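The data below hold one chain only, encoded as structure tokens and taken in the form predicted on its own.
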Amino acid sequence: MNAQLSPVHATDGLQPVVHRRRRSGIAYFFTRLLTNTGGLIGAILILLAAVCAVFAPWIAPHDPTAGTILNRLDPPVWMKGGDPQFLLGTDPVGRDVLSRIIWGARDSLYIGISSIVLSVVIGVPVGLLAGYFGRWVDDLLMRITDIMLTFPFILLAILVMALFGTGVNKVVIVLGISGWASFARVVRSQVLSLREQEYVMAATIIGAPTWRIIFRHLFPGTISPITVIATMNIAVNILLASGLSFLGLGVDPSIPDWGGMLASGQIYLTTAWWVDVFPGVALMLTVLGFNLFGDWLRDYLEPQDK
């Protein structure tokens, strides 16, 4: 008698394993994004900042570094005394506030993204090695990580700026060095869970090289949390970079920067509020955009078992 074929083939003594396929792809990604208000708003705000950063030379109405004393502290165009050529007014040395905000997006995004890349390059290998090898390797690397987590950020910034001077790349180095520890801890935690999976144990049993197990079998499982943390930490680093510029430890004051604009306009807050308010709004919206998009991205990348 012929055995009736089953749609699910199972070997003797083993239960069939049902694999749930998660929908993926660019079309699905954008479909999910367009149906989520918070994520969509965040993406729009990030896109707006990116457009300003990339196309600043073409969309900024004036040279952000050029100004005349005759145009000093002109109010926005809708206020009495406003000049139509300066839509958001001018700063204490007569420079166009709108142009400086647009150009300021360039350094803010560059610092935020570059510092996160540096943190990932340092932190992810540390987490992979600590989680996979364990024992004394884990103890050593995690103690170094704990020291970095407790080291005062402002002290590191003062030390680096005192030794090497201020500048955009110095800010990137400070933020990158101070931020890698969080990536290391998250990756280590993920690897500790993944290394107990059957496919990793099978690769170990058949004698697969260590580097192959780490980068082929373990690293892909850490990409989702890395992506989420990186997106949200960009917002944090943009805020920290602006804070350093506000304190005079960041970008050179001659370069358009949101933190530097806040610092230069703080004494005029009661008489020329636009010098501080508009850069502050630009900074707030950019940070809000990354936070909203990061929240949605976390939900999107979260494994779905339903």
Partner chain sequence: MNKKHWLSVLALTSVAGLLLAGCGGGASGSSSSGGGGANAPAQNAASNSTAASGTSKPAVNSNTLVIADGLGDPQSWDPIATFVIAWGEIANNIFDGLVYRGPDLKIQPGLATSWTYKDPKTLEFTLRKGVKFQDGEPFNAEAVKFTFDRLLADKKSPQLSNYTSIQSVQVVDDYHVIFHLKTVDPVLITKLAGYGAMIVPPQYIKEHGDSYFANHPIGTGAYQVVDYKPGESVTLKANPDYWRGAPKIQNIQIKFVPDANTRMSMMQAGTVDIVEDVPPAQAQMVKSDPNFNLDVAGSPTVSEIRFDTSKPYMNNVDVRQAINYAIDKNAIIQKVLNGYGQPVSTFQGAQSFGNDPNLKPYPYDPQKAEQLLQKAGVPKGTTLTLTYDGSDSTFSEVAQAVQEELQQVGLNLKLQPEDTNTFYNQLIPQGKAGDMHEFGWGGWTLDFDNTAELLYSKGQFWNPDFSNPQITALLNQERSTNDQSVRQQAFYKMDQLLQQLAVEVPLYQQDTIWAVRNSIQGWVTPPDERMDLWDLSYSN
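Given the structure is predicted, the values throughout are model-derived calculations rather than measurements. Numbering follows the first chain given and starts at 1.
Keep in mind that the form predicted together with its partner chain is missing from the display, and what follows is about it.
With a 4.5 Å cutoff on heavy atoms, Ile267 counts as touching its partner chain in the predicted complex. When its partner chain is considered in the predicted complex, Thr31 lies well away from it, no heavy atom lying within 4.5 Å.
Put simply, Ile46 is far from its partner chain in the predicted complex: not one heavy atom of it is within 4.5 Å. The shortest heavy atom separation between Ser114 and its partner chain in the predicted complex exceeds 4.5 Å. Of the residues given (Gly134, Pro220, Pro209, Pro92), Pro92 alone sits with a heavy atom within 4.5 Å of its partner chain in the predicted complex. Contact here is defined as any heavy atom lying within 4.5 Å of its partner chain in the predicted complex, and by that definition not a single one of Phe55, Val172 and Thr227 is a contact residue.
Shown alone, this chain has one stretch from 106-114, 173-181, 79-87, 125-133 that lies within 4.5 Å of its partner chain in the predicted complex by heavy atoms: 79-87.
Of the residues in 257-278, those that come within 4.5 Å of its partner chain in the predicted complex through at least one heavy atom are, in sequence order, Gln266, Ile267, Tyr268, Thr270, Thr271, Trp273, Trp274, Val277, Phe278.
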